[in-house]
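Form predicted on its own, single chain, as structure tokens, below.
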Amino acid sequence: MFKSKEVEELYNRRLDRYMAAIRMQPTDRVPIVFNTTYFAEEYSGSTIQEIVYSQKHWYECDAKFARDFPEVDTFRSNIAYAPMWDAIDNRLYKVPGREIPPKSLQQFVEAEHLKVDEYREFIDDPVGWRFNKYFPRIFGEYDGKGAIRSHVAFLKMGFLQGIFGGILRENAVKLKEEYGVIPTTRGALTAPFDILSDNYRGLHGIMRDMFRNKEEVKEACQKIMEINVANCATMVDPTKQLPIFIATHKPCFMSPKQFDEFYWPTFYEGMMMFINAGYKFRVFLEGDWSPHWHHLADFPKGSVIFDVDNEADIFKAKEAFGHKNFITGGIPTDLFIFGTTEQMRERVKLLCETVGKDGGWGPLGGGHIPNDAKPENLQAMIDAINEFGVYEGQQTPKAQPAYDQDLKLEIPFELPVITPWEEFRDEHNWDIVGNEEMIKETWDKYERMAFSWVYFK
């Protein structure tokens, strides 16, 4: 329940604007729809180490941002929970306060965790390969598998993940009811090529594979796509209000020929399964995507929000694909950090008069607000939107409680189970006397959750 009528009206006003922006409908002013803001964490007064290690800082981090910048329509901070990495000695991350300075953001360590001669095993036996090859390489506490300490590490990891998710959901409800905050996305889908490169082969390995192991790369991407979309289908917003999030990483390193051959086919196929069922997406285009922009114009109008990184030209992005779908960006990172309020005002004025003139644009840095932005520059950006970004005479349409409920999501793939119920039953020689389907249904449900956990670690 909202704490006041004013908060409820604020929530509805923000939701109206966000739903209209996604669908390329008119709005009363330029929507300020941030996706991520690392700034909220540092602005809270806590170090990044305090944020990633202590739950008590999480709610106040978001609440302070919501209180001090009420004109922002959507935002989310990038809170992570380092004890989950400590529990199992996850080597994929460098942690603030542990091996990097307390005020630094956590860092992802990319390396070649899938050897080039393991593609066949990776594709045919995804669970076996992970337990036998991948986990020993990325989890330090897996080195002594079978030992009590290793079992306890996995147990801790499991309940910490549950605690983490529960607190985030509880905080989201409090932020809605206390400050009228709406989430930016729900559910996530990652481009198969990015998963293969980021988590398994590394940039060096995948670049060689595109010349020497073409068919293995394509087959692996297809397999990842099938599992990825089946997993995403379990997380999406049933009302189809909130978009599904995708962060892209590697296209800026690929030639158009490589992109067309390895990246685009499974990326586009996976997204379109959801778009055809009425779901929307929010996609961060990391780096300079301009050699591949012509593909983005293929998406239906009003189906995707694209967060354009600072390496790309926001004005050319508007011409190439921003006429069909909402784009954000255009505020250089150095302007947030080193610029003056007058420089920010002039930049936003220019953007409002050009890419935002007829709608379809929102202000943002390179996919986020940098953690060390000057607060006065962020406020100057918001003030300039209120000064130059109002669409006189335009009304924002009311958001619907649910969209496109007549369109059904048809995913031709299903998450596999690791141990089939029938195998487990027969091992015990059970002659089931009650409703076996009831038992099997819950068995399969948690088996698929276990598969998902194993596959996406």
Partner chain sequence: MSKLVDAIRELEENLVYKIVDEEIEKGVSPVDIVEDCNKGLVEVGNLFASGEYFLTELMFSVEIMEVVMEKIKPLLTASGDGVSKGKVIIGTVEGDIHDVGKNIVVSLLRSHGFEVIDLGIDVSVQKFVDAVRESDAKILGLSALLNTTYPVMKNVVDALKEAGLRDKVKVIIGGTITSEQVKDHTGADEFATQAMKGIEYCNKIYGH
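Because the structure is a prediction, the values reported are computed rather than measured. Numbering follows the first chain given and starts at 1.
As for the form predicted together with the partner chain, it is not shown, yet the points below apply to it.
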| property | result |
| --- | --- |
| The single option of 155, 235, 147, 203 touching the partner chain in the predicted bound form, heavy atom within 4.5 Å | 203 |
| Partner-contacting position among 280, 368, 318, 76 - heavy atom within 4.5 Å of the partner chain in the predicted bound form | 368 |
| Heavy atom contact within 4.5 Å of the partner chain in the predicted bound form, the stretch among 223-231, 67-75, 333-341, 295-303 | 333-341 |
| Residue contact check: residue 109 to the partner chain in the predicted bound form, 4.5 Å heavy atom | yes |
| Touches the partner chain in the predicted bound form: residue 208 (any heavy atom, 4.5 Å) | yes |
| Residue contact check: residue 159 to the partner chain in the predicted bound form, 4.5 Å heavy atom | no |
| Residue 381 within 4.5 Å of the partner chain in the predicted bound form, heavy atoms | no |
| The partner chain in the predicted bound form - contacting residues of 251-272, heavy atom within 4.5 Å | 252, 253, 254, 255, 256, 258 |
